[in-house]
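Here we start with a single chain on its own, the form predicted on its own, put down as structure tokens.
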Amino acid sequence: MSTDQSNSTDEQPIHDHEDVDGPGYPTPAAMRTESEREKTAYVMAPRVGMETDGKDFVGVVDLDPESETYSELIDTVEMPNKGDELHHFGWNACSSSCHAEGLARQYLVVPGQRSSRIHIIDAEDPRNPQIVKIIEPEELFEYDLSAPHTVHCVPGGKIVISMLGNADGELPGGFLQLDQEDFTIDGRWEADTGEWEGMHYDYWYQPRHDVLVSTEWAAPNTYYPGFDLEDVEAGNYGDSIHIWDWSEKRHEQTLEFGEEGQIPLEVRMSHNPEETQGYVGAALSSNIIHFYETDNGTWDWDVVIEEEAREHDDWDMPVPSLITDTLLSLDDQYLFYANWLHGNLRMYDVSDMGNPRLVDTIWAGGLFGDRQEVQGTDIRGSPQMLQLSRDGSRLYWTTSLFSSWDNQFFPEIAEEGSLMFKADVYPDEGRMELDEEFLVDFGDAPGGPARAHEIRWPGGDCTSDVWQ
């Protein structure tokens, strides 16, 4: 159901934040229709595993079409140490706290996946961000946690980060909670793990329905070296998602997908806070799974999209599409996802979430893309991390997945860096078109080539903000 046609009018006064001066927007529809066009992007840019060794940085990209530096990397916030592998990051505050007067979306929380070091960046001046605090890995190890991944601000003045491993890089992982004001560590978020064995990756939460949903990749020591099919056969990669009681911080239910849902990565729940459903992309199985709460309060799932493996002369097995990132538009009208090995991104009409309808595809790079260069530059990698403009009219993506996996499947990234692209999206027509005038080449970054990974906007975006 579209957020703009929510059936929650009876409850609206309870959740009416219009008159409170907090961060973000009172509803997804307000973010979509009232926010300004994005003019700046923050992009994770790790250098781990590059042929030219160097420190990771957060890149600042100019997205203002009226600017002389449009589609250029205009600044970098270099990390003080090598080897962080910046990956995913988030804000100190988002629309989940729009009722919290005086709180501002000012600080980026930037973890290092490999180093377990967490950087706090002040982005009050959007084009001149500065590191203001570093949480060293030893502080995380004290809670037997490592490998920070997803960062969400949560109601109550806290930040919760999914942690993929223990202090030794093995299972179980967990959740780390920070204070929103001074970024001190409160401790672990979870109170009762139940039957959860601690395999972890991404998470999303719906506070209005008292639920958190988490996904699985593997123990850090499994995926750090690269992908090995023997690890799949040994059961070292995930095939389930987990339902948690949000207020009690208690594991409630496991949805096990088996072969239909191997390596379920990004989880995207409806932006409409009245809904209790969403999608997860199962990377290795190359399926999109729709999960939902049933009438009796338990959760169930269905495979709603299947990508077929394809034969390739250089592979001794059919190549899975490897669905990596997924994204829902703010009005819950369209689902976008990336097939990183095949080399395309898909756009589906999901106004009926249980019955997605393919409306468009862009092929660019990868093993099968019919377009292998833009502006005379070879596409290194393939569509991977996605970010959509708040009004749903522009889709951006980068081409790096993870250092060791890049080097295994698209080794040219390690030598020349990866890229950032854009497509114009026409929601009313259900189509998208590659913008061949837009290209950000992270191979030209100051200090040497870099990878380009997750993207965020000042002011929030489709994958950072949650509503109460």
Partner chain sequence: MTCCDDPSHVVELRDADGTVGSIRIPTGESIVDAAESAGIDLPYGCLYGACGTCTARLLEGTCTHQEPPRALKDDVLEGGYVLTCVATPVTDCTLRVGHDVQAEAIGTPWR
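Note that this is a predicted model, so its numbers are computed, not measured. Positions refer to the first chain, counted from 1.
Separately, the form predicted in complex with its partner chain exists; it is not shown, and the next lines address it.
Chemist: Since the partner isn't included here, can you check whether its partner chain sits close to all of 125, 373 and 459 in the model of the complex (heavy atom within 4.5 Å for each)?
Modeler: Not a single listed residue reaches its partner chain in the model of the complex, so no.
Chemist: Using a 4.5 angstroms cut-off on non-hydrogen atoms, would residue 312 count as touching its partner chain in the model of the complex?
Modeler: Residue 312: contacts its partner chain in the model of the complex.
Chemist: Please tell me whether any heavy atom belonging to residue 233 falls inside 4.5 Å of a heavy atom of its partner chain, as the geometry stands in the model of the complex.
Modeler: Outside the cut-off, so no.
Chemist: Is there a heavy atom of residue 156 lying 4.5 Å or less from a heavy atom of its partner chain in the model of the complex?
Modeler: Contact with its partner chain, no.
Chemist: Taking its partner chain as it sits in the model of the complex, is residue 408 in contact with it (heavy atom to heavy atom, 4.5 Å or less)?
Modeler: Output for residue 408 is yes: heavy atoms within 4.5 Å of its partner chain.
Chemist: Quick one: of 291, 189, 224, 107, which gets a non-hydrogen atom within 4.5 angstroms of its partner chain in the model of the complex?
Modeler: Flagged contact: 224.
Chemist: Which of these residues, 169, 194, 198, 207, gets a heavy atom within 4.5 Å of its partner chain in the model of the complex?
Modeler: After the contact test, the surviving option is 169.
Chemist: Within 4.5 angstroms, counting heavy atoms, which one of the listed stretches 292-300, 76-84, 252-260, 175-183 is next to its partner chain in the model of the complex?
Modeler: It is the stretch 76-84.
Chemist: So which residues in 131-155, when you check its partner chain in the model of the complex, have a heavy atom no farther than 4.5 Å from it?
Modeler: Stretch hits, in order: 141, 146.
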